[in-house]
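Next up is one chain by itself, shown in structure tokens, the form predicted on its own.
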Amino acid sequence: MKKILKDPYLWIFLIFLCYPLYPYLGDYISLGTELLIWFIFTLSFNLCLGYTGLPSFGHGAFYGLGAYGTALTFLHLYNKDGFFVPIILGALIGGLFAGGLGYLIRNKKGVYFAMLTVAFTQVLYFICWRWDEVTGGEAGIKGIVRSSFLGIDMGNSYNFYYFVFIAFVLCALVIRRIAESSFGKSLQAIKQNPIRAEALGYNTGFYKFAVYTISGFFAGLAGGLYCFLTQSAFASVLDWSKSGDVVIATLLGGGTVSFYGPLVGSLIFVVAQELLSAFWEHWMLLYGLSFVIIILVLPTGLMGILKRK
């Protein structure tokens, strides 16, 4: 019992279970839903950066592909009467593309790996921006409707919030199980010293490919949920800036030193973004400065500081 009470997940789950009931905060149910989606996104990304040391600076591609895959599946295969299956297919599309890219660049290292992921993201971004017949081009895809699921009306914002909450709980538990498994320990060994890991018999290329595919699946799932949150899909979710957002949120919280760092970073990043954009038109200036400060002053993030204390 004491072990359960000390589990950070228990308190995180309880806090967000009651989110709609909080005074003032409960009125911003869309913000709470977006936070839960970001939790899934950053936790999945941290499997690459924090656990394997892969500088995947184009991870927004899988998030965007999940959103587009969900939107296109919903509109063209389910005749506006689907909900759960389009999200799953969006996640599978994210994982499929991540697996393809991961296989091609599995043996690349450092800046070469990072630049290839960014290039891949920008290629997809311009395809979605220009392919009017399929993606809607600059206008994007609209007309997504949250229908019922298991008899529950997902058009209701509170019902959809709890659907996303359940998805977050399941994803968080699975991702932590992966991180704590022997597979996760192998990823950490590769991050610490890939040459020594290879000498010990680890197929580092396969492990990188596998974790990239898994991470892409969960990122695609987050993108699919975001598609139904906004009831649309636009090319902006594929832009390099979306990848930069997830990197900043993960580093800010201390994902490189703590499993729970991405959750802390996402909470601060999303809330700060909402507040700054409401009060200052040029809030992106602070966004860029924050990234520089984090890299120079807080390389281990907030959780790193707490651990040292």
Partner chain sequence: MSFLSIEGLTKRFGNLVAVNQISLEVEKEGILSIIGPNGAGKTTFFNLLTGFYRPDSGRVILKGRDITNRPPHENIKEGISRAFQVASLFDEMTVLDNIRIGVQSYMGVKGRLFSRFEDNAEVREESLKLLEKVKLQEIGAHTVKALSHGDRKILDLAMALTTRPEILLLDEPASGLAGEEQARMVELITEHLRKELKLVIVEHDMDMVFSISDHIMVLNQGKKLAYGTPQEIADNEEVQEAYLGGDRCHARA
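Here the structure is a predicted model, which means the values were calculated and not measured. Positions refer to the first chain, counted from 1.
Another form, the form predicted in complex with its partner chain, is not on view; read the next lines as being about it.
Interface membership of E138, defined by any non-hydrogen atom within 4.5 Å of its partner chain in the predicted complex, is ruled out. When contacts are judged by a 4.5 Å heavy atom cut-off, R177 counts as touching its partner chain in the predicted complex. For the chain shown alone, S186 is a contact residue for its partner chain in the predicted complex, at least one non-hydrogen atom being within 4.5 angstroms.
Contact check for R196: a non-hydrogen atom falls within 4.5 Å of its partner chain in the predicted complex.
In summary, among the residues V123, L200, I152, V134, the only one with a non-hydrogen atom within 4.5 Å of its partner chain in the predicted complex is L200. Proximity to its partner chain in the predicted complex, defined as a heavy atom within 4.5 Å, holds among V237, L101, I93, I214 only for I214. Residues of just one listed stretch (139-147, 219-227, 206-214, 125-133) have heavy atoms within 4.5 Å of its partner chain in the predicted complex: 206-214.
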